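Okay, here we've got a single chain as structure tokens, the form predicted alone, with questions on binding and movement later.
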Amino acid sequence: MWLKILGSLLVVIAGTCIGFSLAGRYVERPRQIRQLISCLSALKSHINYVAVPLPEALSQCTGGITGPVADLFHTMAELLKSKGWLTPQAAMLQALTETDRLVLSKPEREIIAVFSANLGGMNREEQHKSLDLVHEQLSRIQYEAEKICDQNARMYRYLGVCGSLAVVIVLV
């Protein structure tokens, strides 16, 4: 009897953890997009007004931000410092593969890759326009990600709890 209760509890806990883990991914994505927009806005300020070298601007634009997005910019800055022959796009693509906790989807990654291809290759005014375009595209994606988050996060949480309870009922 106690073995069944213990097994049932373990199934409910495991199902709940899986549901909350899947929901957490949907919650994390809009937050990382917001952080990305914030970093790119700071990068725009560093390019337009401070005029520091790109690796230094990338390191400084993450002020107040922690987590995978900050790690992405720090990794890119370190790659540009250590391997001077890398282009900003190659450094960004390598940083995207090295930063494993990012939950950004393919559209965000493509926007960042295209932006990084233009980074450092244009004058300040063109980079300012490019950053504005990236900001607008990421804002649109953030809005869509928040809508998807509202729809799916709660569903995965309930599905984890209810699905595990259904498994327990079937097994007992």
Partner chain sequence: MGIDVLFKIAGVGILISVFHTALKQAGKEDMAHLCTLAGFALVLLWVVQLLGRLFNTVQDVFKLF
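Positions refer to the first chain, counted from 1. Here the structure is a predicted model, which means the values were calculated and not measured.
This protein has a second form, the form predicted in complex with the partner chain, left out of what is shown; the following refers to that one.
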- Would you please decide whether Met1 lies within 4.5 angstroms of the partner chain in the predicted complex, comparing each non-hydrogen atom pair? no
Whether Arg25 contacts the partner chain in the predicted complex should be assessed with a 4.5 Å heavy atom distance threshold; does it? no
Checklist line | Close approach of Val11 to the partner chain in the predicted complex, 4.5 Å, heavy atom | finding: no
(message) When the contact criterion is heavy atoms within 4.5 Å, does Val172 count as touching the partner chain in the predicted complex?
(response) yes
- Item | Whether Met155, Tyr158 and Leu165 all lie within 4.5 angstroms of the partner chain in the predicted complex by heavy atom | yes
